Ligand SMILES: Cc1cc2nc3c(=O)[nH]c(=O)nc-3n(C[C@H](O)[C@H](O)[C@H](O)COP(=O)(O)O)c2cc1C
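Shown next as structure tokens: one chain only, the form predicted alone.
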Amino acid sequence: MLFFLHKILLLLPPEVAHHWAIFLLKLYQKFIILFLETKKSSSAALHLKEVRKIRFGNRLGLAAGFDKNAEVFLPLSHLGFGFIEVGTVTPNSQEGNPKPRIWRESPDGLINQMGFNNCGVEQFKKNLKKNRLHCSVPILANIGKNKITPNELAIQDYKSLFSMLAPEVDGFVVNISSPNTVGLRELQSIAFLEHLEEVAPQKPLWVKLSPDLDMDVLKELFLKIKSSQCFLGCVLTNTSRQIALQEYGRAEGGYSGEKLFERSLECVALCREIFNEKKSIIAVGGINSVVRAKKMRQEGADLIELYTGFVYKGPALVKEIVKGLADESFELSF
């Protein structure tokens, strides 16, 4: 059944397909809550708060951008993911960029210029609280600034998101690298990381960086993150505007998928070389097979995330990679 539903969704325009996928997952969520046994009181978040650890069901997670409003993380966890990244959420709701704003590109790629469309943190928090206790895998909140917030005030957006969501999630991914919010990637700087240190909560905190940064700039950021007590590591990488432009002639939006893999792998390798064993790396970008997941692990990634591969290959890919990695549960101290 899942196979045929997935094939039908791929026949629809990308954003329409996404809305239908969320609708179907909401139906599955009702079934889970009504008929399947869930672990209400033993969620990873509640069970491990006191010992300052976060336990992942397995090393494969779902990247931000799919469950933008934290509505369907429960059924996604039942598909086999060991953790879920929800968001990107901003303090105030926003519609995002004008449609059309997402395109399928061969082979197995997407270009999106969504622009952080989301329901805003208040509704996002309500959505989290509604089903959080039913979910036994860690939930990470991907957070970003509002489009209208100038960069000099951006830290206030992140501070408010930390404050609102810290009780509800296991950790945060700070998104300062999306190419679809004007000026956002300028926050990929030592100065802004220092501002984040001043407001960071007592929660695991990763920084998501762009694949389009020069290696020298990435190295400086990695060194800063390595030396900081506030950051648990990096998420590598976000989508690529360079690939969208050079390969497909699109001046706006960011590319994810097949052609991003080698660059993301390169970033992960450099990051591990600098981090040694001191920090953690979540790898995302062009991972669409067990072979690619293993390559990311070999280059030093602690955790793996899917997005575009999941869109094209569906739940079957989740099971293949989890089985292929054959990992037991994984813990990080913070």
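One rule holds for the numbers: they count along the sequence shown, beginning at 1. Because the structure is a prediction, the values reported are computed rather than measured.
Just so you know, the form predicted in complex with this ligand exists too; it's not on screen, but the next bit is about it.
Visitor: Based on heavy atom distances of 4.5 Å or less, which listed stretch (113-121, 148-156, 191-199, 221-229) is in contact with this ligand in the predicted complex?
Guide: Looking at the partner contacts, the answer comes out as 113-121.
Visitor: Ok, I32, I54, L306, L265: which has a heavy atom sitting within 4.5 Å of this ligand in the predicted complex?
Guide: Contact with this ligand in the predicted complex is made by L306 alone.
Visitor: Just to confirm, with a 4.5 Å cut-off on non-hydrogen atoms, which of S77, T90, T239, T181 contacts this ligand in the predicted complex?
Guide: By the 4.5 Å heavy-atom cutoff, the listed residue in contact is T239.
Visitor: Quick one: R59, P138 and K279 and this ligand in the predicted complex, is every residue within 4.5 Å by at least one heavy atom?
Guide: Judged in the predicted complex, none of R59, P138 and K279 sits within 4.5 Å of this ligand.
Visitor: Answer for G257 alone: is it within 4.5 Å of this ligand in the predicted complex, judged on heavy atom distances?
Guide: Residue-level check for G257: yes, a contact with this ligand.
Visitor: I'd like to know if A64 sits close to this ligand in the predicted complex, meaning any non-hydrogen atom pair within 4.5 angstroms.
Guide: Residue-level check for A64: yes, a contact with this ligand.
Visitor: So in the predicted complex, does I102 come within 4.5 Å of this ligand, heavy atom to heavy atom?
Guide: Residue-level check for I102: yes, a contact with this ligand.
Visitor: Does K68 reach this ligand in the predicted complex if we count a contact as any heavy atom within 4.5 Å?
Guide: Answer yes; at least one heavy atom of K68 falls within 4.5 Å of this ligand in the predicted complex.
Visitor: Where, within 204-234, is there a heavy atom within 4.5 Å of this ligand in the predicted complex? Residue list please.
Guide: Contacting residue: only K208.
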